[in-house]
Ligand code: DC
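As structure tokens, one chain now follows by itself in the form predicted on its own.
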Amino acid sequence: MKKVYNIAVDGPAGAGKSTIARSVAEKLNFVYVDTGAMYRAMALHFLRNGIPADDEAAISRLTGEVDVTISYENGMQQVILNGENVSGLIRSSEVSAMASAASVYMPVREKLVELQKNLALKENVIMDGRDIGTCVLPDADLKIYLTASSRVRAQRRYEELTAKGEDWNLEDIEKDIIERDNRDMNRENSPLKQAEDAILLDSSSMTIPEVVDRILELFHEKKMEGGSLWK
């Protein structure tokens, strides 16, 4: 069996994890696994069924009905929910909020973590989320904790939403981000935290290419040092 390599990227909402991980994956020819998209797909299913975010019993029950898979077409990630491609439907603020709320429930986490672990056993992957280095891939060869100030993250989100024609207030976005940070860091199951062996990267004053280059440098440093990536 061939040796496969795993890179874990954790961090709070709006830190740029998905953008960074996707770019690193392209440069290393790794499979990019967007765990957030998987949670968002489940959240979309809950919303479609009119389930409130605080109805743990209903969410747990519906989890058994959900099948979420990831495929690639022409190099682009496709998120499939019960046979339907929902890639273009899972990036709204409503879906994001539901995903964050529902992710605290164990049935949701257990189902998706199993799928994520199975993917990482078969392919060289870079995976991003909020508990990848601590729970999903505790033995990952390289772990990154990517963060930025709440203000910077809010500004990035504001620009993203504005570009889509949505009307949002910057202060409200930052307030929502701070609340999500608090919820993610203090949830009972798999809270957001930096793994002891993760490398901290604060992207507040860095461009996307700078962050990508730094992760690639860390990867190649491991290679030159004969570190765990290359044993």
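Each residue number is its position in the shown sequence, starting from 1. Note that the structure is a prediction, hence the values are computed from the model and not measured.
The next section is about a form of this same protein that is not shown, the form predicted in complex with the ligand.
- Segments offered: 101 to 109, 74 to 82, 118 to 126, 146 to 154. Contacting the ligand in the predicted bound form at heavy atom distances within 4.5 Å is 101 to 109.
- Taking non-hydrogen atoms only, Lys193 never approaches the ligand to within 4.5 angstroms in the predicted bound form.
- Mapping the unseen interface onto this chain, Glu174 falls outside it, with no heavy atom inside 4.5 Å of the ligand in the predicted bound form.
- Asp55 falls outside the set of residues with a heavy atom inside 4.5 Å of the ligand in the predicted bound form.
- Of the heavy atoms in Asp202, none are within 4.5 Å of the ligand in the predicted bound form.
- If you take 168 to 207 and check each residue for a heavy atom within 4.5 Å of the ligand in the predicted bound form, you get Arg180, Asp184, Arg187, in sequence order.
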